[in-house]
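Just the one chain here, the form predicted alone, laid out as C-alpha cells.
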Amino acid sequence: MTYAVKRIFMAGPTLLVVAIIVFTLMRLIPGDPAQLLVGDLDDAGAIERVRREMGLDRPLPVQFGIWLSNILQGDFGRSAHSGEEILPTLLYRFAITAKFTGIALLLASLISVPIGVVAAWRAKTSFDYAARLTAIILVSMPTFWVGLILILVFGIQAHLLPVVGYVSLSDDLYKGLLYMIMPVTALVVGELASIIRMSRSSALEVLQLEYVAHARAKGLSERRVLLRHVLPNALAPTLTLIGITLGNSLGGAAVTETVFSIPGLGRYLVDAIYARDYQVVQACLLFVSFIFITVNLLVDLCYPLLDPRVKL
C-alpha cells in the first residue's frame, strides 16, 4: 500500500510535466484556431472576439494556469469546434476504444504467451523456427494494412462482415460482435509478434536457471515444470510489455479506428488535430498519459503475485 501511494504521488509531477509539454507544443503549431473557426471571412473584429472568448489573447502562463486549474476541478472545457463538453465525450470514446483493445489484447496474450513458452521449451526445433518465422512475418505487417486486407477479403469480396462503422453491444449484441471481428483481428495480429518474442526470450532465460534443473531432477513432469516454475517467472517481463501495449492501445488505436471508422478515442484525437481544436487535443493527450501511468502502476503491483522474489 505504501508503494502504491508513493507511485500515485509520483504520477502528479509526471502529469504536470506532460501538461506543460503538451500545452507548449500545441502553441507552437502554425495557424490560428480563431481564424479556423471564423473561416474565410476577413473580419479582424470577429477573429479578435473569438480569440478573446477562447482566452488566446492572454499571456501563455495565464492560459496554462487557467487550463490546469480547470482540469484539477474536473472541467476539461468545451470543444472549440463543436461546442460540446469534452469530458463526457472523452469518456464515451474511451469506453469504445477499451472494448476493442481489451478484447484484442486478451486474445493476443492467450495465444502468444503459450506459443512463446512452448517455443522456448522446444528451442531449435521445427515448432520454435515456425514460431519465430511467424513473429517476424507478423511484425512486418502494419496494422492499417492488415485492416485494409480484411476489409477487401471479408467485407467487399466475400460480403461476410460489415466493412466500416460501429454498433454498440448494448444496442444489438449480434451486430456489435460482427462489427468488432475485423478491427479486433487487425489489433490481435499487430500485438501477437512482440508478445511471442518477449515470452519466448523470457522463458528461454528461465529454463536455463538452476531451480528448473532442480525441479526436473526431483522427477517433476515437464508439464508441471513449465506451468509451476517456468511460466510464472517468465511472465514478469512479458507482463511489462503487455502493460505498455495496453497503454498504447487504450491511448487510442488511431490507425485502426480511422480505417474502420470507429468513433473511439484515437479517432477523436485525430479529428481534433485536423480541426486545430486545442482544448480537445490537450485533454486527450493528458488523458492518454494518465492511462499509461495507471496501467504501469497496476503492472508493477502485479509483479509480486507472479514472482514472490520481487519486493515492492
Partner chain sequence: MSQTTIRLSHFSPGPILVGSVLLLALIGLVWTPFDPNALDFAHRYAPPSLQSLFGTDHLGRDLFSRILIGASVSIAVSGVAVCCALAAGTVLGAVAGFYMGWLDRGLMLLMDAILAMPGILLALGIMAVTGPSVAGMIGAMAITFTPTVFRVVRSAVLSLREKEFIEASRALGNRNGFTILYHVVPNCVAPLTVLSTALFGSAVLTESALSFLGLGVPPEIPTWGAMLSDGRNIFAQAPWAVIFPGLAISYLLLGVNLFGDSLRDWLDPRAAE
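All values reported here derive from a predicted model rather than from experimental measurement. Numbering follows the first chain given and starts at 1.
Missing here is the form predicted in complex with the partner chain; even so, the following discussion is about that form.
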Exercise. Any chance 97, 103 and 173 all have a heavy atom within 4.5 Å of the partner chain in the model of the complex?
Worked result: no
For this session: Could you confirm whether residue 259 comes within 4.5 Å of the partner chain in the model of the complex, counting heavy atoms only?
Result: yes
Problem set entry | 4.5 Å heavy atom contact, residue 149 to the partner chain in the model of the complex | yes
Exercise. Looking at the partner-bound form in the model of the complex, is residue 145 within 4.5 Å of the partner chain by any heavy atom?
Worked result: yes
Exercise. Residue 82 near the partner chain in the model of the complex, any heavy atom under 4.5 Å?
Worked result: no
Exercise. Can you pick the one in 137, 110, 169, 178 that has a heavy atom within 4.5 Å of the partner chain in the model of the complex?
Worked result: 137
Exercise. Since the partner is left out here, which residues of 285-299 would have a heavy atom within 4.5 Å of the partner chain in the model of the complex?
Worked result: 285, 288, 289, 292, 293
